[in-house]
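Take a look at this single chain in structure tokens; it is the form predicted on its own.
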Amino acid sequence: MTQNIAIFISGRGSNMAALIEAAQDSELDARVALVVSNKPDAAGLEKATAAGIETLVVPSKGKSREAFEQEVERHLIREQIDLICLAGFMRVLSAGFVGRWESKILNIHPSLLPSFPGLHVHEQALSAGVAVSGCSVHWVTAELDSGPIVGQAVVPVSAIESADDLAERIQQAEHPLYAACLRRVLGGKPKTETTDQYLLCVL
């Protein structure tokens, strides 16, 4: 049975594009049925429309979290969504929403969890003087950035780089990692790989 995926975004949608490509993989019985954004000007909406995917904009500004989630959830149910992928979605979901969609929400976070959850991740990593950082795909739970990890990509940290430089290099690792984790979750074979920039590992 085809798995219907909804992708939540707030910005450019670069991880969204990687997930769309992965869902179109002939090895997977899945389709991206809906792209949801809380930002009407999110650039990723144009990419989704160009790919022929239905989009939904529910502005979060001036709206309670409960009202926002209720409106979104009506569309998720209508589209018979099986899995939600958060891809640069800059809004924390309530415990109630997460509970209703338990084990059906994935997120990608730009650090090697459990290190550096929350915001200002790259600044935290550089301040701590770590030799490596990276990104993690994990199941979403009520506790922020604390759900079971599906996969991680390790990126070496240079002592002279800025937070912006580190963020850019980690984002390059996010795309193949999220795609591989989606394949793993949907029962396909993960496509793991290594480069001189990162090591990708899907559990």
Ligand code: GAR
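Computed from a predicted model, the values in this text were never measured in an experiment. Quick note: we count residues from 1 along the sequence shown, nothing fancier.
Heads up, the form predicted together with this ligand isn't pictured, but that's what we're talking about next.
At a distance threshold of 4.5 angstroms between non-hydrogen atoms, Gln171 is in contact with this ligand in the predicted complex. Though the partner is left out of this view, Ala95 does not reach within 4.5 Å of this ligand in the predicted complex, counting heavy atoms only. Heavy atoms of Leu83 never reach within 4.5 Å of this ligand in the predicted complex, leaving it off the interface. In the predicted complex, this ligand sits within 4.5 Å of a heavy atom of Met90. In plain terms, the part of the chain that comes close to this ligand in the predicted complex, with a heavy atom within 4.5 Å, is 109-117 out of 109-117, 96-104, 125-133, 68-76.
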